[in-house]
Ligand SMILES: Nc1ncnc2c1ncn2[C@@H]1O[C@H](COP(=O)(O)OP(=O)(O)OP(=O)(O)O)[C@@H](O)[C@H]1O
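The chain that follows stands alone, in the form predicted alone, written as structure tokens.
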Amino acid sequence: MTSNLKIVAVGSGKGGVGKSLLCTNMAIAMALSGMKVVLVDTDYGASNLHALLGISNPKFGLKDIFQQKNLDPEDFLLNTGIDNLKFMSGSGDLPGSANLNEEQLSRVHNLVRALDADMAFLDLAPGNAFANMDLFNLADDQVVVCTPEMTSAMNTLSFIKTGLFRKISEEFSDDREIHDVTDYSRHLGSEEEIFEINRLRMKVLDKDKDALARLNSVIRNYRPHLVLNRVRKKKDLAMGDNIIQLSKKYLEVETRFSGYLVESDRVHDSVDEMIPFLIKDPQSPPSQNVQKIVGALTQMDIHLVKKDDAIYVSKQVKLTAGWGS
């Protein structure tokens, strides 16, 4: 186990926004740059990430993790055919595997933390179920994928809000009184349509003045990355600005816009051909987009060039900023 493992979770408020495509190609970019990477499919019960890698029938999956007592993460890692990149499959169509209990979820978390790698990319299930958000918050860097449509933006804001309040609830797990106040799932019948941060602060202050500093620290440090997919026009990028402004206004969350992916037939073709677009053409517009997104996450400039069926990589580390700044 390496103590320098960096975990990146990629989530979305709804399905079909291109989350898995982005996660796969980001993992490939980092593997090609020379880092030891593991791509993990955590969409329990509906896993299909293996198809994007050209893997037809994964040999191992989540069901094997729960059937064995003594876990060695290496036993569940599959070769991808890409240097430095291993893959951990989900559970396929195992009945009930989407509804994991607390003990099973804990085993998944521990397995991810124990990976012997430089980076782990977690492709999450869509939606903001608490089990999903706990995996999202497990990461060092959280990436939320959205498309320019208004419905996707609304789901993205809900996703960020759930992630934040889940993080707050976790912070106060040792204080039942404050925990109950911060757990907005207990207030579903409330007349408050938006559980705003200032309202939460007042409730916490009313219970415990010392808890307010802890609350403010969680809010201040919760800084997810936002990536827009299927951008067709320059005006589509305005949706990213809107999400950032609204998350700041209602949640006081400093969401970071870390890039976008253009709408491209090359992306769609990569799914049908089961060949990641970054591998097929690392100089295509969507591939260049991915390289910029990875740069925003890692503070590393990565440039990929394909010549004579070989991919050449150049990278430059930005020494003026640390990881995730």
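For clarity, every value in this text was computed on a predicted model and none was experimentally measured. Residue numbers run from 1 along the displayed sequence.
FYI, the form predicted in complex with this ligand isn't displayed, but the following is about it.
Peer 1: Taking heavy atoms only, is Lys280 within 4.5 angstroms of this ligand in the predicted bound form?
Peer 2: Close contact is absent here: in the predicted bound form, Lys280 is far from this ligand, nothing within 4.5 Å, heavy atoms only.
Peer 1: Would Pro148 count as touching this ligand in the predicted bound form under a 4.5 Å heavy atom rule?
Peer 2: Pro148: no, not in contact with this ligand in the predicted bound form.
Peer 1: In the predicted bound form, does Ile293 come within 4.5 Å of this ligand, counting heavy atoms only?
Peer 2: Judged by the heavy-atom cut-off of 4.5 Å, Ile293 is well away from this ligand in the predicted bound form.
Peer 1: Is Glu263 near this ligand? Define near as a heavy atom within 4.5 Å, in the predicted bound form.
Peer 2: The answer is yes: Glu263 has a heavy atom within 4.5 Å of this ligand.
Peer 1: With the partner removed from view, which of 169-177, 80-88, 225-233, 211-219 is the stretch that lies within 4.5 Å of this ligand in the predicted bound form, judged by heavy atom distances?
Peer 2: Within 4.5 Å of the partner lies stretch 225-233.
Peer 1: Please tell me which of Met30, Leu53, Val267, Val40 lies within 4.5 Å of this ligand in the predicted bound form, judged by heavy atoms.
Peer 2: If I apply the 4.5 Å criterion carefully, the residue I get is Val267.
Peer 1: Mind listing which residues of 8-26 have a heavy atom within 4.5 Å of this ligand in the predicted bound form?
Peer 2: If the 4.5 Å heavy-atom criterion is applied to this ligand in the predicted bound form, 8-26 yields Gly15, Gly16, Val17, Gly18, Lys19, Ser20, Leu21.
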